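Shown here is one chain on its own, the form predicted on its own, set out as structure tokens.
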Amino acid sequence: MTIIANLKMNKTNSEIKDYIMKLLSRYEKGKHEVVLCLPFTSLTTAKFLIDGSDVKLGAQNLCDDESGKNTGEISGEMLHDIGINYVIIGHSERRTKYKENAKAINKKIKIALKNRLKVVLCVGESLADKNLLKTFETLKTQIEDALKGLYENELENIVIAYEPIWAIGSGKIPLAKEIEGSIKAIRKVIANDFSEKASQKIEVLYGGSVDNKNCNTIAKIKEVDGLLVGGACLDAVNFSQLIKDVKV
């Protein structure tokens, strides 16, 4: 099972040192695929500290251009050069606060893949979409826009994270049957646009208010291949326990 920690804009470089040392001292190697998505400022330090472990590193974003006049941005090539394995693309916070549209997300995915980075594509419906029974329609649009122009073999380096916007940081999560239904809908889009084999092979994670109390229950839901963890990953001891609590 894949467990991805998104630390968002938390932890200074100095704090990351302490965080990783605490995590690794409690970490059971080989139990799950664990990925830490850290702020850009901490990635090189973290890379040095996790050397020899099987923990992977991810970035939380990258530029939708490969190089050039993009002050303040980070390129896919830069991330690959320092040994990053994953990159989150399309997170709802980027879509809403920073106005990232479908075209930009599609470009970012192609740049990430070109630079041999594994993509964590975030998709999910708003509360309004849910109330209007437009969840599946929203997921279909987001996935098709994001994966436009890709070949089926490129899906091997894409993980889809289903994150209902209304569940992120709210303490509320969908019912098990709703999570299962949404992930089935995601797989149906992949099957229709690529192949049935691709739809079964692609990893689909759940994210949105995942914590130590619900992590194992969510992980056991049929169709769920892993978890994208936000607030519950900010404390290293707590996150290491969460990893242990997932028994799947």
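Numbering starts at 1 and runs along the sequence shown. These numbers were taken from a predicted model, which means no experiment stands behind them.
Only in words, not in the display: the form predicted together with 2-phosphoglycolic acid, which the text now covers.
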Next on the checklist: Quick check on Asp129: any heavy atom within 4.5 Å of 2-phosphoglycolic acid in the predicted complex?
Outcome noted: no
Checklist entry - Can Gln60 be called a contact residue for 2-phosphoglycolic acid in the predicted complex at 4.5 Å between heavy atoms? => result no
Next on the checklist: So in the predicted complex, is 2-phosphoglycolic acid close enough to Val34 to count as touching (4.5 Å, heavy atoms)?
Outcome noted: no
Next on the checklist: At 4.5 Å between heavy atoms, is Gly83 in contact with 2-phosphoglycolic acid in the predicted complex?
Outcome noted: no
Item to check | Proximity to 2-phosphoglycolic acid in the predicted complex, single hit among Ile143, Ala167, Ile111, Ala104 (heavy atom within 4.5 Å) | outcome: Ala167
Item to check | One stretch from 146 to 154, 133 to 141, 89 to 97, 70 to 78 that, in the predicted complex, holds residues within 4.5 Å of 2-phosphoglycolic acid by heavy atom | outcome: 89 to 97
Checklist entry - Which residues within 208 to 246 place at least one heavy atom within 4.5 Å of 2-phosphoglycolic acid in the predicted complex? => result Gly208, Ser209, Val210, Leu228, Val229, Gly230, Gly231
